[in-house]
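Only one chain is included here, represented as structure tokens and corresponding to the form predicted on its own.
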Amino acid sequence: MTYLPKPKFRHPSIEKNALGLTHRDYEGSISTLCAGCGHDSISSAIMHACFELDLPPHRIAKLSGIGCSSKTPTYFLGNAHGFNSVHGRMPSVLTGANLANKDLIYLGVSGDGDSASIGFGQFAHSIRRGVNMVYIVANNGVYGLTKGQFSATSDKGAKLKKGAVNTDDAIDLVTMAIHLGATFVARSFSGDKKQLVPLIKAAIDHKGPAFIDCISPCVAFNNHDGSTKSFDYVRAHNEAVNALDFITERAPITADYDPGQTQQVKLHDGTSILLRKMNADYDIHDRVAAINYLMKHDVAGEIPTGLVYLEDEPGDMHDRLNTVDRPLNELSDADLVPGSAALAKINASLR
């Protein structure tokens, strides 16, 4: 399958930000994901956030692992630095890059399979170490690239389209992020751009590990009775010669509701998910209350969205390690190898 490149034509009165850049300057390649995929909505929200923050794309480093969600950095910020790592290993690559050059804005994009299964330990340690980053998980509850098996975030009791029932408890990455020490924790829905864009902007502006769990509907493998996160998958074949997967074109699902309210969002297959937006008076600074809030509404079958937890005076990995102000990749040999006198002084201090 081939795709024509995006046209270069720009209307002379197109909106520009303070840098003189347009939304087109924050785009990437044309998406090859299924039409209506929630991941594309997340990509759009990232582009809008960076545009509105007047961020130079070349000051951003976007990193990902393996999976549908990890393909998305190709589709936004085409002029940013990028690295697509192996399955589940994005956090360690991001940590190393951040250690070498703390002047860049680090954006890690992952999925529930990439972060909650094979990369769970990597996810945990990047949060625990206080890496200054925005970590976004596009959460659809399935392994989309390998035909829709349950992921670790799939709800207990959920059914696959062939009838298999998930008997395992789901991993709640939001609760885990709070436990592990993330200083900015949020959950959103890919169809709620009004909420998601400000959350991403706030996460970028935050110093320290900022985590956003974004429920992102999968149009291919979670669209059947018993599904809790996504949409149906339509399969078609042409006689017995070949089998073709066909995804019907769907309109994006959106949600617009006030803080403190609950809204039932109907999915394409007729099933629905229940979203609750945080109350305006919700205390985002109470770690214990945040965890209790999440568990209380989980029992009620609701998915709380919004900013769940925030630490007002966060630090990051460089503060803890007391690194120098200059990025390590800018230091010369003289800076890195101070000589025998300095070594002798260090050794003397340890005696």
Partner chain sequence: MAIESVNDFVVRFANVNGSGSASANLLFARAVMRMGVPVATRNIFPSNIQGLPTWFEVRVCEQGWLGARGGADLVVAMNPQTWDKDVASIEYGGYLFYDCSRPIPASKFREDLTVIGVPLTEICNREYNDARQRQLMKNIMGLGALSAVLDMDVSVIEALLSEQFKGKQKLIDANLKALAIGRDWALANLQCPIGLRVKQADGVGDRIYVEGNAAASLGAVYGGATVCAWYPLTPSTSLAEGFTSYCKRLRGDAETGKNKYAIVQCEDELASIGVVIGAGWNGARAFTATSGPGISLMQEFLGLAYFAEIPAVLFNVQRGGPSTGMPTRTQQSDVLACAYASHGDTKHVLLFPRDPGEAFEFGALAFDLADRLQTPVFVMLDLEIGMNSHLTKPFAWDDDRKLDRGKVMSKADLDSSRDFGRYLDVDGDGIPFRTYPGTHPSRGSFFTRGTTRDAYARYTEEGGPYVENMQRLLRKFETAKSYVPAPLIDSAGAAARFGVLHYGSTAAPMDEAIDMLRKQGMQVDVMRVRGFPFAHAVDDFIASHEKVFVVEQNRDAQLRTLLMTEIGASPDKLVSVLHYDGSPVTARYIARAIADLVARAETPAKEGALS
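Here the rigid core means the biggest group of C-alpha atoms that line up within 1.5 Å when the two forms are laid on top of each other. Residue numbers count along the first chain shown, from 1. Quick caveat, the model's predicted, so the values are computed rather than measured.
Beyond what is shown, the protein has a form predicted together with its partner chain; the following relates to that form.
- Shown here without its partner, the chain carries D283, M295 and G301, none of which come within 4.5 Å of its partner chain in the predicted complex through any heavy atom.
- Per the 4.5 Å heavy atom criterion, its partner chain in the predicted complex is contacted by stretch 86-94, the sole one of 137-145, 181-189, 86-94, 168-176.
- Proximity to its partner chain in the predicted complex, defined as a heavy atom within 4.5 Å, holds among C37, L63, V308, I46 only for L63.
- Residue contact with its partner chain in the predicted complex: P73 places a heavy atom within 4.5 Å of it.
- Within 4.5 Å of some heavy atom of its partner chain in the predicted complex lies at least one heavy atom of Q122.
- For the chain shown alone, A164 is not a contact residue for its partner chain in the predicted complex, no non-hydrogen atom being within 4.5 angstroms.
- Although the partner is absent here, A342 lies within 4.5 Å of its partner chain in the predicted complex, judged by heavy atoms.
- Of all the residues from 308-332, those having a non-hydrogen atom no more than 4.5 Å from its partner chain in the predicted complex are L321, N322, T323, V324, D325, L328, N329, L331.
- If you fit the rigid core between the shown form and the other one, you'll see the Cα of S340 move by 2 angstroms or more.
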